[in-house]
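Form predicted on its own, single chain, as structure tokens, below.
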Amino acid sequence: MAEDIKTDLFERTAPDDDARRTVDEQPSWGGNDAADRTVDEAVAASQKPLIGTQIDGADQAERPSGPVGLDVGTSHIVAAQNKLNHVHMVDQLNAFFTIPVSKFSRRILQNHDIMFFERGDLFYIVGYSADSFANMFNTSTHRPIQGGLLSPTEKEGLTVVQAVVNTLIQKPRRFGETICFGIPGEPVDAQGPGAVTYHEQVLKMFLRNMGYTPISINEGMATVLAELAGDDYTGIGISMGGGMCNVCLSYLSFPVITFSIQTAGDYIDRMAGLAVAEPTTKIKVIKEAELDLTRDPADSIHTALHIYYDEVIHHLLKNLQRVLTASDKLPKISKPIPMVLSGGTAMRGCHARVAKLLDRYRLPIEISEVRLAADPLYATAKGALIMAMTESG
């Protein structure tokens, strides 16, 4: 029926009388006060300041009393909730480290509020606690998500993701509360069609079992909702994380084209480390603490990081050009549109580098500017929260 047809995330002006459709085809252009209120609340939340907290073992996960936005990323998991005067973000490292089971170790872990669970003869230490243990043993953590998707090689990967999410949020106060989580677009450079389906459906089953009503949103589209309100949600949102770069071309809040590439921050770290014979963990620390892509590199490590950042950006833009040019879905847009970047890999001057290299590519849509999200690490969770608020009620 008409009330089931969604014409836009945020309602727009009704068509002229002479353009009316039949009753069954006619969308609902207004009159739903409850829907209007949820949209207004979502728009208002998008303008609130963000306050972020890193969870440690001493913190207690909340039982949400409203819609939730969730970013299940390769490197971090972030949960967003709408509060009175701000949007509250909590994040946790999406990683684990294993140690052999022993009664003595169990007591030590419990006494120090270390987050862990037990499987077989191993303790799985999760989150930032896992990073601390890995540093003590001079090794690296394991990740339940690789290349933006649940890892097929980590037997307890989903259990780890569940454990990490449970450090951020508990079951909702109201059964069936809406939770919106980010999912990647289909990769164009790696796994075949359908690679995202398993990832999405498994996460939905887990969140449903927690007592939520789960819906998914493309990560690039979440960036659009978080950052392009002033542009009528028209533009290109790109979420550049550890495992993937996710792209969405949105027109008036409709995700017209979405895709992903599985070369991103982790690839940069790994390849730069191989090039200069340094551990990936060391490269990652230097990248996050020192790298500025707007300045000339000062040594071999920075040179390698510049080289592989450029490779990822070229790969991203080349696929953007190819996908847009081949598409028959491109809307007719009368003016240039913005491109906004989010995610940890988009920081450190990356957006300026994208803007410079973009001149080498001929896109069928003109780009007005390339800008960085106001809160790059939280943009996906924020956009997911906006969608959850809009769809709740």
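We number the residues from 1 along the sequence you see. Keep in mind that what you see is a predicted model, and the values were worked out from it rather than measured.
The next section is about a form of this same protein that is not shown, the form predicted together with a small molecule.
Residue heavy atoms within 4.5 Å of the small molecule in the predicted complex occur in exactly one stretch of 169 to 177, 294 to 302, 241 to 249, 133 to 141, and that stretch is 241 to 249. Mapping the unseen interface onto this chain, residue 377 counts among the residues with a heavy atom inside 4.5 Å of the small molecule in the predicted complex.
Taking the partner from elsewhere, residue 253 is found to have every heavy atom lying beyond 4.5 Å of the small molecule in the predicted complex. Within 4.5 Å of some heavy atom of the small molecule in the predicted complex lies at least one heavy atom of residue 343. At the 4.5 Å threshold, heavy atoms of residue 284 reach the small molecule in the predicted complex. Comment: the small molecule is not present in this chain, but in the predicted complex one of 50, 347, 324, 337 has a heavy atom within 4.5 Å of it, namely 347. Between the small molecule and the residues 73, 214, 235, 185, the one pair within 4.5 Å by heavy atoms in the predicted complex involves 73.
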